[in-house]
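Take a look at this single chain, the form predicted alone, given in structure tokens.
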């Protein structure tokens, strides 16, 4: 058993290695006196990607920015991380101070950042910026190529505007690579992007990717418009595909998110209530309405417009003076121009507003410039009555989602700029145009006067949205699409619904025996096994099918469970991956020794004891076999699950076969029949020289596919290229079975 991407995505046949490339590294080694200190960046995306690589293994390539980074790497500039329990490889790229100034502070943050955020008056370009940007992208690409040559069957995932040129450089050297790029910031429309002197080179660089992800559909459209203006490329607006110089790039929107559970779990702690009380006492916020803004000191966050709206609010609504305090928390992350000037402008305005309205022991704006600890940040979010995000343009803005996830009391209202990407999905927020400061001030009033019932309903809706679409959903959605693209690219996959006539001709003079898997084939993949219910429509199709052809359903479920769920008479059933078969009259059970029964019970007890406390884990005892379902387990807990599972089960590998399916571990006695054995037995006993047609979707179906190979037809559900044909999902399976019924009747 190995840890593969199938642990994260619903791709039963995935066997790939993940390589992530970012400007920022997940672990930084710094010199502190005579010691070396390890820091981890606070960003939620960085932490989530770290969780993913700890689960799947792989390589992370990033700029080695720490003062002690060089001292701890090996001769290949790599180090195993995390430091306490190494799980993957960090490959560092070295940059000179000149390159940092020109590539990072220069081209990335003084050219691309303001350009993409449509603040053109702040765009500043120098030729040396571009030269350094090209040089650094080449360095990253060379490090990536070095890694990919060692593990050619890898999936490459590049991040953000710092590394636009890497995809095409890698593609030129390794044309068969599977490359994805996620663009975290906005992509402007053509009227803005044309300002960039290197517009063509940047777009060509990105089109080396097989998949480019953006935050929202608008940015996808903007990118396609830019390509259409810049290049002689085939742009398919409907299918969101671009073909350039013989290579096709797929474009998709993937709204990024946060770790909902991390903020929610912290917010409900009793300790957080104590922190809130301490904050209110320290800053004199007791018995007052509280507003909150949490931002980097960065001009796209529109702090000046926000302050103008707050000033107008106190000017127009005098009754809230002394009753409402707006807490503005800022961190200064870029201590260069134009950020230093912007910082001073914000501070001067806060001081002026406080001078104008302060009275007694109250001031309208509490300005906090420091990096808060996580528990304190969540406390501020939770205690606020109003959360404000007023960006003039934003790819997404995760502060909005952090505020929502911390609002466990559901008493707060989110005021959100319509120009933030988050506005596309966060229904329930009060949307504002940050330039319309009068309406902005009125929305603050509306939030404060809103009834408790409406506040609770709005916040509950927002929390459900963020809970369902968290950072790990974002990651698995993208990885799933990358895996699909890799399957199409690297192997010949034949889509059945495009080849029905060919199959019909192939089977024209042959008599069939139909074999079907259950979960993922006749039903969709669901959160828990008990929810996999056969639809009435599919049941009717099966009843019609068994009237024209012999039919067997083979599943990993126990035989009784399978028969109860399908509930169609006159067909063959095989449960426990083929270890028990019902032929219509009797049950045939493959050999199972007393020793295997004892050892299986032993494994079950040890797993239950060791893995207790892992939320969402389901250990299913099916008698002869056992399934450990981890679909609902949080990604951050998967590393612990896999380590403990492997530690326990490795002692039993001489007795049991252990496989990874679609978010499930299957434990089966080696001596027990598998699905292939079941197909062999049923065909041999009742097949009458018919040829088998087998449809399945998961790893355990591979045994059956091997038996069918060369003597029948194998069909995978999902992008499985180890079979004769594939179908996309259970709905297409039903459509195909109807075609088979019609063929037979004709």
Ligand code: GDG
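Residue numbers count along the first chain shown, from 1. Treat the numbers as computed from the prediction; the structure is a model and nothing was measured.
Another form exists, predicted together with this ligand; not displayed. Remarks below refer to it.
**Q** To verify the annotation, which of these, 649, 277, 523, 331, has a non-hydrogen atom within 4.5 Å of this ligand in the predicted bound form?
**A** Only one listed residue qualifies here, and that residue is 331.
**Q** Name the residue from 371, 318, 595, 149 that puts a heavy atom within 4.5 Å of this ligand in the predicted bound form.
**A** Selected residue: 371.
**Q** Hey, in the predicted bound form, is residue 295 touching this ligand, heavy atoms inside 4.5 Å?
**A** So residue 295 counts as contacting this ligand.
**Q** Whether residue 577 contacts this ligand in the predicted bound form should be assessed with a 4.5 Å heavy atom distance threshold; does it?
**A** Heavy-atom contact with this ligand at 4.5 Å: absent for residue 577.
**Q** Using a 4.5 Å heavy atom cut-off, state whether residue 402 contacts this ligand in the predicted bound form.
**A** Heavy-atom contact with this ligand at 4.5 Å: present for residue 402.
**Q** Do residue 215 and this ligand come within 4.5 Å of each other in the predicted bound form, heavy atoms counted?
**A** Answer yes; at least one heavy atom of residue 215 falls within 4.5 Å of this ligand in the predicted bound form.
**Q** From the candidate stretches 548-556, 141-149, 179-187, 243-251, select the single one in contact with this ligand in the predicted bound form, where contact means a heavy atom within 4.5 Å.
**A** Careful reading of the contacts points to 179-187.
**Q** Could you run down 382-410 and flag each residue that has a heavy atom within 4.5 Å of this ligand in the predicted bound form?
**A** If the 4.5 Å heavy-atom criterion is applied to this ligand in the predicted bound form, 382-410 yields 394, 395, 396, 397, 398, 399, 402.
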